[in-house]
Ligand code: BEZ
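Starting off, we have a lone chain in the form predicted alone, written out as structure tokens.
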């Protein structure tokens, strides 16, 4: 199955380190990040789960739940959690799905046979409150993810969901944003009382509206 931006995130029921969950019900009315790692007791994954756990408060502030998945079982995840805490200096702060049957991996197309026909690649899916997929990132097994970048794009997604703006290259929270072309200059004057600068008719910059 191929999941694309704008699709409803496939729902599933699975065992996790926090018990059995139904994904959509577990998400509730907030945002969620589902991310896969190739295998337990592997070096890059250990650093990643530690890094995500260390930033859990930042995700909580953004009303965003984290959940990980790999093709190992829950018993393996629970055993590995001790290594994560020992080596990364933080306890595992979110559930990991046991997916030994590859049900979730197949639903989200996390196994890429030309890379590895048994292990999940490093996929990231950000899911909005409407249960639609807002962002998909895929990394090879050899490259660890940048948690700061995940938070940056989450900030962008949440901002642009509430305002008729887009975020420019290298944007970070607090920077100026771009007014979308569908908004006329007259409407922009009403929507963005801080004003805007028109670098081109199609490129209008305004201070971040929720700051």
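Residue numbers count along the first chain shown, from 1. No experiment lies behind these values; they were computed from the predicted model shown.
One more form of this protein exists, namely the form predicted together with this ligand; it is left out here, but the text below deals with it.
Location of this ligand contact in the model of the complex, chosen stretch of 61-69, 182-190, 44-52, 159-167 [non-hydrogen atom, 4.5 Å] | Correct option: 44-52.
Which listed residue (92, 126, 111, 141) meets the criterion of a heavy atom within 4.5 Å of this ligand in the model of the complex?
-> For this set of options, the contacting one is 141.
Although this ligand is absent from this view, report whether residue 122 comes within 4.5 Å of it in the model of the complex, heavy atoms only.
-> Residue 122: yes, in contact with this ligand in the model of the complex.
Spell out, yes or no, whether the shortest heavy atom distance between residue 32 and this ligand in the model of the complex is within 4.5 Å.
-> No - in the model of the complex, heavy atoms of residue 32 and this ligand never come within 4.5 Å of each other.
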